[in-house]
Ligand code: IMP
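One chain comes next, on its own, written out as structure tokens in the form predicted on its own.
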């Protein structure tokens, strides 16, 4: 069993991460901590700042940052997704999308750190913005995001269905594969052996 500390203020994210990593023999411990979210152009830059802020924690430490990107709005809200949602909610997005393409994608950048070593893992899922918010499960933009090939939003399905394809699950599953293979940082770092969870 490999222990990993996930740092976030969001309990929903912690539950998702724990569920995805469990099949890989990784036990997730949640540390609730406010992390810096600097004005940056990319999720990778934000994650780098978060990793800098958790250098005091020992062992494997995982942070992540996610964004909803809408090409017809030049990628907005993107790296500002969490702040925009907290201040404005869904309303302005629906207004801005009138007469525009509703195509969108979620992107997650997960940063794994142990001592001075770190690695980045990326996950994406494509879809579109719903006409209205539907569903009570999940969190964040889940009620307005319909993955490609689905007729339901992420918020209308249970956690297992969401974790099968979500952006965060795809990034975290890569973390699990890397840890299981003992090559989280591009070289042998020890671990429980061959991957036991599903790759995606």
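Since the structure is predicted, the reported quantities are computational estimates derived from the model, not experimental observations. Positions refer to the first chain, counted from 1.
Below, we turn to the form predicted in complex with inosinic acid (IMP), even though it does not appear here.
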Residue 140: heavy atom within 4.5 Å of inosinic acid (IMP) in the model of the complex? yes
Though only this chain appears here, would residue 37 touch inosinic acid (IMP) in the model of the complex if you measure heavy atom gaps against 4.5 Å? yes
Please determine whether residue 81 contacts inosinic acid (IMP) in the model of the complex, using a 4.5 Å cut-off between heavy atoms. yes
Although inosinic acid (IMP) is absent from this view, report whether residue 153 comes within 4.5 Å of it in the model of the complex, heavy atoms only. no
In this chain shown alone, the residue from 119, 96, 122, 85 with a heavy atom within 4.5 Å of inosinic acid (IMP) in the model of the complex is 85
Only one of 22 to 30, 54 to 62, 128 to 136, 162 to 170 has heavy atoms within 4.5 Å of inosinic acid (IMP) in the model of the complex; I'd like to know which. 162 to 170
Partner contacts for 94 to 112, taking inosinic acid (IMP) in the model of the complex and a 4.5 Å heavy atom cut-off: 106
